[in-house]
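In structure tokens, one chain follows: the form predicted alone.
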């Protein structure tokens, strides 16, 4: 096992526009992040990852980049960013930024030039095809609804966009494009950033035949879009020309790729990327906007896939991010057992094998928002997929019901800092988005004051993890993969063995565990004594326990 700093530290994702507004315009900003760095340091965070901060028209909240070397005006200035980076490093933390290079904004200078003429030198920076007068080049669909092709009225050609029509895809087959990307990376690395999270990175390599997809593949087109033959070649080139020159972490958002491809990307012998974000766990039961039922045994199988890899691979562990609903509302119980189940999920994330990635508000158990109508949503994916949803036979009201379980807007409500207006997110009454009405009881200020809060539970777990190489690097073994309610696994290191017992249900039970008295209780989310005997333990609803046994 090769030891690396990014294996041993905890990542915390910030969605800047919803984190903290320092100037009262209703939009979170860079100075707002600076003001909260002491809070993050106290929590125990080592690496801060911020979602896109580049200049953008914000068709997709910054994931449509207009200029990679400028700061989004709503977030501040380059001086503000430099100050943020300096303050983070002064506090012995690291900064990871988003790298969005599958596509740009249609307002990027490259695309403006590209569409100006078929003979323009930037034409081949994007993917243009002649599809005929009215017919797109193929039947590929956009993830945000409709065709993946948009017709340019000036040339009558079509350009490819996997996402919004204002997010044209770059042509990575063009070496000039790749070199432009590498120069952008060097610009930020020379400033001192500590790595990149790479947005939809598997999609940079396209199937150059551009053939129509079959009906079956159109159901989940991402698994076809991610099958370009040059992905690993491009990543190796990126590593060779840029990443290998710096001591940084590289994290690929790897939605839509096979386990085999994932294993190759993160294989330390292949020299591609450090880590990937796989979405099988966080999206369990998901089918587009529909959240289906799921079970604990299936969830455990998914954890086993990523945690039982060999020493040449290192996973990430997360249950929250900006593209998914709140974990306590999906994996826990956000009503009667909100606090207890949120603590259980904290233990699950922070005791698995892999680098933990937390998301803003997770550490206080923020919940999903109860949307009352479709016009309350900000996410362009919601309206983009509405025609497809209606065509499938569901009503607008049923679509809304599904979105209240699955929408990524749940994670984008503003952070609840205290019980004042808008949860203390902004100093004025403006707010770019909604604040969850439960901020009066669920907020940072309340949790900081209460030593038994979700926040302090996260803090204690982070501290425990950092102090134990065995908990970080120890082998993972699921001890009861077929149990319908209990998730029990072992992390066995060189000196200590840790036993993690999670009752992911509302059931009271007696559970059999072999040689239980060899272990001592380390941390629990229960407020009363725990009774366990040589081979049995009494588990209350949503109980979560870490027990430790010294091996030598």
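What you are looking at is a predicted structure, and each value in this text was computed from that prediction instead of being measured. Residue numbers count along the first chain shown, from 1.
The following text describes the form predicted in complex with a small molecule, which does not appear among the structures shown.
Residues 103, 197 and 412 are all found to lie within 4.5 Å of the small molecule in the predicted bound form, as judged by heavy atom distances.
With the partner removed from view, the residue among 432, 255, 303, 158 that has a non-hydrogen atom within 4.5 Å of the small molecule in the predicted bound form turns out to be 255. Checked against the small molecule in the predicted bound form, the candidates 456, 322, 465, 313 yield a single residue with a heavy atom inside 4.5 Å, and that residue is 322.
Taking the partner from elsewhere, residue 511 is found to have every heavy atom lying beyond 4.5 Å of the small molecule in the predicted bound form. In the predicted bound form, the small molecule lies within 4.5 Å of some heavy atom of residue 381. The small molecule in the predicted bound form is approached by residue 63, whose closest heavy atom lies within 4.5 angstroms of it.
With a 4.5 Å cutoff on heavy atoms, residue 122 does not count as touching the small molecule in the predicted bound form; it lies far away.
Stretch 139-147 is the answer when you ask which of 139-147, 257-265, 235-243, 335-343 has residues with heavy atoms within 4.5 Å of the small molecule in the predicted bound form.
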